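Next up: just one chain, as structure tokens, the form predicted alone.
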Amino acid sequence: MHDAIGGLDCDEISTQTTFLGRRLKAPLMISAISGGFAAARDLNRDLAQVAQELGIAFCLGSQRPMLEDPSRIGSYAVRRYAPDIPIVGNIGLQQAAAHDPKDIARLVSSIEADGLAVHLNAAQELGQSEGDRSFAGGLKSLRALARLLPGRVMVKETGCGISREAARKIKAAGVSILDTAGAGGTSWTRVERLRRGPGPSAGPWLDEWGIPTAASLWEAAPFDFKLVGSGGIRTGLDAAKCLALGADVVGLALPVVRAYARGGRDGARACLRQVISDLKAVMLLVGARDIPALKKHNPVITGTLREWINHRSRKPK
């Protein structure tokens, strides 16, 4: 809601917060993009340097290639470029379930990361002819990792969102950080279909499968996670909406990739600076002096999201 007489000075607005025990200058994270091949070395180095400069978090792409071949560590080892920010490693739940939890935990220590994202991507796997079809043992693996890495495991979806039923199970496994990664951004199921080319595959309906980002945030907010909102975030206004819906940190990937493709490190930096600037502008216009004040802001919810909330709030018959 616009506050026409908020009485704030833009220079006094603080976007600072904390994540994984480190201070952030803004509640943003560069979400998982890539790793494990030669070109990713420069990409991750440059993005880590931008994240360090801006004081935001950085989540690496899947470390599955490194798990299978430890010599590929080079594209993930970015701590020397970003000594002060939260760095998050990354592995798929299926790979985590298939390995000794201690080996998975070493993916964190080997790159001096602060935490580990365990990503859920059943829909994406179904879009791959060679993808996994068994998803058993995931919660057992999460419980083991949560014990080995207390407070440092982040479960994240990959574009299909988290329901309250899934959030409840993840919380019961001992996980304290959740990235909803809802539908509305990059469709990895569509990426897989395009990658395969013509031929029989899962139907195109899978391209749009999932829980929208805003709805997923509403579903997960009551469970007292350190909550990351991602999935289709493009602007500082999008970020502010996520924070008002319960997120503590907001993740972006595609806008950063596009800016990097156009202008390298400078392009990525300019993109993220604009997001931070726009977030501060929203905070000024709603009268929020800092992130806690913005999170207390009572948003007006209409349309499809209101229909979703009304339906999900009904008691089951």
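Start at 1 and count along the sequence shown; that's the residue number. The model shown is predicted, which means the values in this text are computed figures rather than measured ones.
The protein also exists as the form predicted together with a small molecule; that form is not presented, and the subsequent description refers to it.
Segments offered: 137 to 145, 108 to 116, 185 to 193, 79 to 87. Contacting the small molecule in the predicted bound form at heavy atom distances within 4.5 Å is 185 to 193. With the partner omitted here, the residue from A40, I276, V257, V286 that has a non-hydrogen atom within 4.5 angstroms of the small molecule in the predicted bound form is V257. This chain is displayed alone, yet in the predicted bound form one of A57, V282, L252, M66 has a heavy atom within 4.5 Å of the small molecule; that residue is L252. Of the heavy atoms in G232, some are within 4.5 Å of the small molecule in the predicted bound form. A residue is said to contact a partner when one of its heavy atoms sits within 4.5 Å of a partner heavy atom; C271 fails this definition for the small molecule in the predicted bound form, lying far away. A32 belongs to the set of residues with a heavy atom inside 4.5 Å of the small molecule in the predicted bound form.
Residue contact check for P27: none of its heavy atoms lie within 4.5 Å of the small molecule in the predicted bound form.
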